[in-house]
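There is one chain below, alone, in structure tokens, taken in the form predicted alone.
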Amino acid sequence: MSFAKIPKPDELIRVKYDMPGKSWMNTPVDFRPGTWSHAGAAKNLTALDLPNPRAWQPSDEDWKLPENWQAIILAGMKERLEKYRSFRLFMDICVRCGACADKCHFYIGTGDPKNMPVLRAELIRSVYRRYFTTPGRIFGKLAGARDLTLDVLKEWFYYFYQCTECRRCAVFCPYGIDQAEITMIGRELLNLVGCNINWVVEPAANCFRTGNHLGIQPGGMKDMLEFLTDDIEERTGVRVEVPLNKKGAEILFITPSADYFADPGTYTCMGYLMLFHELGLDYTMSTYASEGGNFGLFNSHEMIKRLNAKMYAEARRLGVKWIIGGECGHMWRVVNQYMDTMNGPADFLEVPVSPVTGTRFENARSTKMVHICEFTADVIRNGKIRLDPSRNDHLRITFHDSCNPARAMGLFDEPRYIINNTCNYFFEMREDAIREKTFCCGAGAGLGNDENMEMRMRGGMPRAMAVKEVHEKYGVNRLACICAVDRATLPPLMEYWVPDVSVMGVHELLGNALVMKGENERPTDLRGYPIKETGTP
């Protein structure tokens, strides 16, 4: 769906926050174009061994569900209530204080009460009460309980695929209720009867088929990396080699496939390759573990585990000592929050020690995996590379804390340290829009598809408004981030709300500023834009 088919920004921003005239239990879902995602294609469900593959769409009257679909879902809910203590806890402890109500970007952008985290959770909590609590069985609606009907199932689909699992609401919840965990369970239950979206299941299916979400074949990956090294040589005069599938290398480097596939991620990837060359790092990339992202996070715990295991299986096969991960979002949430329980600890690898500085990354003792920003910040702090920040003087930067690295691993300072050492004009957004309170791009968790464009622009509005403030106040023209999904979804968001601001990765800034041994004079940045000698744009 193009921008031509959705309201103009001055119309979209006029959000009504009126109280609805009817009870939320009596308000059926309206699958309006531009606000939902296409169903998972049958071939992708089959590839992933998921149930009920068929041709259908959420806007259809008949969803072609199994005859016993209610029994399947209730059995699945019972199993998960027994397996995940957090799920039962989150079903029982909410006191409806409302602290989360206005913290969701989708509620801010739509005014739809069911996008308040407290009410989104109530969609599934009401069914839990009906079938798994005594008051709910006896008193029904008086106890906030309701039957699992087809309308309820459609409501789950609409709103659980309208949550980006960003976890901002959890920051403000006094009980620590994590809506992302509730959404994940809701999506798992929907999966049991074959209700999922293609933007989630196709990348996961591709990952098992070719090694990465985008379905790039090994030869294609090699060609794309060679294109990037050609561009680096054209810009700098330095030829960089990219080792692939090199057994016995010290380090395995894994990054999202979007980084070597499409702009602006490719400039970030060029920054990685230039840094590794300059340091003389003994590393390799892999055509098997050719994806850092983990779309299992948006599907099921089982899928998370299967996709995460690929990376470590390849590390074992290649015989590396430890892993560096690129600028990614959900890869890092999986590694920091789930990997140890699901596939770890990775005892066959060594505790990461930088061969450049000697720094021992004790924080990665269990996972054996270091974030590229941690690695690079340490290299800069120890004075191991030469940087010329003036090469970025044509850029006025602000930084978007990507949800998963920020809230799932607390990675706030390392990217800012790199930015402050690679450019002269860095401006923070307002305090309630950065660090752990950062706003989502509006299209994470598999929602970055074109058919969902209006909802993306609505959900991304709070982030865009914070960028607009620093654009108007300081002349900011570039939004930096450390997530491949952000680099794919923020450009259209900026084009719609703040068209003078473009998007980049932090290691693109580094690549611009990095002074390489033997380089030619560099009149342009990695994108080919002229570098001004001094001053501001």
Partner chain sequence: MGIRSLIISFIFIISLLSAGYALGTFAPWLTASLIFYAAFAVFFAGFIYRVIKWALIPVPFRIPVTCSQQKSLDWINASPIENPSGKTGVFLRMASEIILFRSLFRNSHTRMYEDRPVYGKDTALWLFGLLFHASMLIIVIRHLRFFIEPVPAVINKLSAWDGMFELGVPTIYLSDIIFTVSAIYLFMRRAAVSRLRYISLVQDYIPLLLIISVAGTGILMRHIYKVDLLKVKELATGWISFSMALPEGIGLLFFVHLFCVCALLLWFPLSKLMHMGGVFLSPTRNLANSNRAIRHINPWNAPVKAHTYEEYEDEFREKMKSAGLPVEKE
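This one's a predicted model, so the numbers in the text were calculated from it and none came from an experiment. Residue numbers count along the first chain shown, from 1.
A second form of this protein, the form predicted in complex with its partner chain, is not displayed here; the remarks below concern that form.
- In the predicted complex, its partner chain sits within 4.5 Å of a heavy atom of Asn363.
- Though the partner is left out of this view, Thr210 does reach within 4.5 Å of its partner chain in the predicted complex, counting heavy atoms only.
- Its partner chain in the predicted complex is not approached by Glu233, whose heavy atoms all lie more than 4.5 angstroms from it.
- Within 4.5 Å of some heavy atom of its partner chain in the predicted complex lies at least one heavy atom of Tyr417.
- With its partner chain left out of view, the stretch that reaches within 4.5 Å of it through heavy atoms in the predicted complex is, among 260-268, 384-392, 330-338, 189-197, 330-338.
- With the partner omitted from this view, the residue of Arg396, Arg435, His277, Lys321 that lies near its partner chain in the predicted complex is Arg435 [heavy atom within 4.5 Å].
- The contact residue chosen from Met116, Met453, Leu153, Val240 relative to its partner chain in the predicted complex is Met116, the criterion being a non-hydrogen atom within 4.5 angstroms.
- Heavy atoms of no residue among Ala41, Leu148 and Cys481 are located within 4.5 Å of its partner chain in the predicted complex.
- Residues of 75-113 that come within 4.5 Å of its partner chain in the predicted complex, judged by any heavy atom, are Leu81, Glu82, Lys83, Tyr84, Arg85, Ser86, Arg88, Leu89, Phe90, Asp92, Ile93, Cys94, Val95, Arg96, Cys97, Gly98, Ala99, Ala101, Asp102, Lys103, Tyr107, Ile108, Pro113 in sequence order.
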